[in-house]
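Below you'll find only one chain, the form predicted on its own, shown as structure tokens.
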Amino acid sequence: MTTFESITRPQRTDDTATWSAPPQPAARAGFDFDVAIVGLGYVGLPTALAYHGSNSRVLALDVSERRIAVIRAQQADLLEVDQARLAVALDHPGFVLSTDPDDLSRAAAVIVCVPTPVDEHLIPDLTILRAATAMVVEHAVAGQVLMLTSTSYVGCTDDLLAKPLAERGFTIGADVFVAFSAERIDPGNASFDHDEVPRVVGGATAECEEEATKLLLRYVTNVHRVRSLAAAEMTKLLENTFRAVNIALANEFADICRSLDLNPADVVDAAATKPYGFMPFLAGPGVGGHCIPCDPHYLLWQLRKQRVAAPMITQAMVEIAARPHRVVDRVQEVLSAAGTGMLGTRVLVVGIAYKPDVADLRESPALEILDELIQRGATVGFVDDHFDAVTLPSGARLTAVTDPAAFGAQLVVLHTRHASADLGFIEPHQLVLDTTYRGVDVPQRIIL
């Protein structure tokens, strides 16, 4: 069995959406598709397009008719390169959109790419993943490679795929091949081509690992093989827990710098000139998206069941959860210092997506910030080119401000700076609380 081995295939020579990969092995006899992707969200759809762009016959499946309609209308939030790939795929017979689980039996491989959120109590919510894997198990046929990419707890692939398949009578590693390879897509980030980011894979058996590696090498250029499903699952948890701990440290360090009248961004930039032993993490208003606010809780949840303490990770997640509240406290401090207070003061939040240049509100700190500002008595508005309205955690519905200058904000909160954001409306007399630490040069700018 190959262990801890990185395998590569030849690099492609251009970045066009119609690039043709080297000839790939044909799907096993009797299958209409080389691969089926279950779940067409921020991970599944780019993955399906990457496979299709590498000459694979793709079944793209989602149980939501609405999501399929959005994709057909080419309105999905995608990078420019993936938008081009989608336009090509929609006109190609080798790319089929479906909502019918029965179609899964027609694919030589099935990859599950569905969300794994946490609930309001920060407990893993496996509802979607359990439903997706149960659907895959129900429609599994001999010869298939079945791969999970959704981040979850260690042992999840065995619990939700391998064991149920064995109960159906399949011999794992002979009849079907089970593997885990966590997704590594960064929504909105065009700096790292999805195809060129190395993938870590672990199989239920040596044969499963081998077949899963072949499947991944259909479109990625580098695969790193580990010796078990559990090692692959734990790798993803380490990646995002590492980021969570360091972001919590960056936020704390930013608060320390402000108390010493230093700009934390300047200090981070200076420290980042060291070519070894330091990795820059930037402070901000909180952490959003699916990974960092959620994934470490899968690990903590599992450790609690085993009575294993992880105090550093636990405290980091406590600090991350508290960050939006700290932003509102800072708004209160700034307004009090200006002699206005919070009650009735007009506060405009600029950018509410969880990161720049994506139409993604998942776990965005802005939602909690807007909600708490309203609860404390402020008159609140927001501007964001990606959203016309938003529903807050309290259930309140807030419509975007169409004319920020006319809103007459006494305080502007820079939350997310999209490339398209126009801050020309800000007047010299308006206070600006910059939670990004890298805002524009405005007269009344105050850092978080």
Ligand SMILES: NC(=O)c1ccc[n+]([C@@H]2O[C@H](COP(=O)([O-])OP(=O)(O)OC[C@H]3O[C@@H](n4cnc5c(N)ncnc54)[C@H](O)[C@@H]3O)[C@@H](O)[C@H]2O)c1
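Position 1 is the first residue in the sequence shown; the rest follow in order. Everything quoted here is computed from the prediction, not taken from an experiment.
We do not show the form predicted in complex with the named molecule, though everything after this point is about it.
Of the listed positions (345, 151, 144, 241), a single one reaches within 4.5 angstroms of the named molecule by any non-hydrogen atom in the predicted bound form, namely 151. Of the listed positions (325, 227, 362, 214), a single one reaches within 4.5 angstroms of the named molecule by any non-hydrogen atom in the predicted bound form, namely 362. In summary, the region of this chain contacting the named molecule in the predicted bound form, judged by heavy atoms within 4.5 Å and restricted to 206-214, 153-161, 309-317, 106-114, corresponds to 106-114. At a distance threshold of 4.5 angstroms between non-hydrogen atoms, residue 64 is in contact with the named molecule in the predicted bound form. The closest heavy atom approach of residue 53 to the named molecule in the predicted bound form falls outside 4.5 Å. Put simply, residue 135 is close to the named molecule in the predicted bound form: some heavy atom of it is within 4.5 Å. With a 4.5 Å cutoff on heavy atoms, residue 43 counts as touching the named molecule in the predicted bound form.
Heavy atoms closer than or equal to 4.5 Å to the named molecule in the predicted bound form belong, across 276-297, to the residues 290, 291, 295, ordered by sequence position.
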